[in-house]
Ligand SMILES: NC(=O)c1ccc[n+]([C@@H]2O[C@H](COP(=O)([O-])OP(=O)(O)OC[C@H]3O[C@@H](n4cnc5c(N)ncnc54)[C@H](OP(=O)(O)O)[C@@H]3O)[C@@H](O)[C@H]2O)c1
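Just one chain follows, in the form predicted on its own, and it is written as structure tokens.
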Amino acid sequence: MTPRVLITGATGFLGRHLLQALHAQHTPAAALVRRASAWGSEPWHGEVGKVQLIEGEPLATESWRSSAALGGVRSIVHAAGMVRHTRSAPEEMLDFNVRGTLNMVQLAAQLGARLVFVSSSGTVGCFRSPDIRAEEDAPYAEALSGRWPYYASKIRAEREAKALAERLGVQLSIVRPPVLLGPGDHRRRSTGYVQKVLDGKVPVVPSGGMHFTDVRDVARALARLSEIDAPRPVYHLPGTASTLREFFAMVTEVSGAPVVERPLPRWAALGLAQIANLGGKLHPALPDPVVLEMATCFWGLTSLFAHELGYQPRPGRQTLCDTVNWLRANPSASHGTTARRRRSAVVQHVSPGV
């Protein structure tokens, strides 16, 4: 069948669930992959039905944008992104997240297709207080999250993609989910915090917050978005918001793992981050100073329009229970080689507001 939807980032956590969701609603899909010969090497490849493979990368569209397989594509879901929560050498990430997105806008213009850009709740939903929520028309949170290279790259990608899409006449929808959890994180990226609790490797509990939702619910919403008429320019997909202490408590409750204690006050987290930013060395168990700074903030999101996509996030404890069960049933998935991890987008530490 001729594919109607093209997915970038198709081999990632969200990508695999999106392929499954498209298969469930009988929407033919194409996947942009680095090496077509590697398809079939993962057990989950057999769960997504027949997928048209297109070999290439978002930064090098000239080698594949004339593929005959693109002829029937009417929607592009750009879910590929590079995540590095550090101020060290951000140039590659900035280039991938911004130029890669603009390339997808240009491809959508060439195909006469809709573009769905999967961004981040952290572009608008980052606050000092746990009581604030950002709706779809909220301003960018540049004063807070704009200080960190990953979110700065997403804010810039959103802005420049909007401008280019308007100029080229492309129908663009930006989707902002929080942290994605659930079963099937074969690269152990989004579920990193949960795995650390199970392994007893959470050294301290910062004072900030966590906001997460179920990857399966987001995938279904994206699949729906690829098909509906007259989509809105921005959709938020909120889930469960809590403090980090409450989040860790939920994980220990559903898993039976040891309770995580040792609070890290905001002043201490910021002090440690400042020491590291000035060249001082922190204990190896502590994360990058950017992550320490982020962990003092709260991640608030709400939506006026998510219901239009049939989006109904399941209870957070159910998502955490399914996440824990999958991680424990698939222990070998956490032992990928260093080379494989370097070839894919790098997550140095899971962010509370991705």
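Note that the structure is predicted; figures quoted are calculated from it, not measured. One-based numbering along the sequence shown.
One more form of this protein exists, namely the form predicted in complex with the ligand; it is left out here, but the text below deals with it.
The stretch that touches the ligand in the model of the complex, counting heavy atoms within 4.5 Å, is 75-83, out of 164-172, 103-111, 268-276, 75-83. L180 is the sole member of A221, V251, L180, A157 with a non-hydrogen atom within 4.5 Å of the ligand in the model of the complex. This chain is displayed alone, yet in the model of the complex one of Y193, F127, F96, Y235 has a heavy atom within 4.5 Å of the ligand; that residue is F96. Using a 4.5 Å heavy atom cutoff, E57, S120 and R187 all lie near the ligand in the model of the complex. Looking at L14, you'd find a heavy atom of it within 4.5 angstroms of the ligand in the model of the complex.
Within this chain, K50 is remote from the site of the ligand in the model of the complex, having no heavy atom within 4.5 Å. The ligand is not drawn, but in the model of the complex it has no heavy atom within 4.5 Å of A21. When the ligand is considered in the model of the complex, Y150 lines it closely, a heavy atom lying within 4.5 Å. Residues of 21-43 placing a heavy atom within 4.5 Å of the ligand in the model of the complex: R34 alone.
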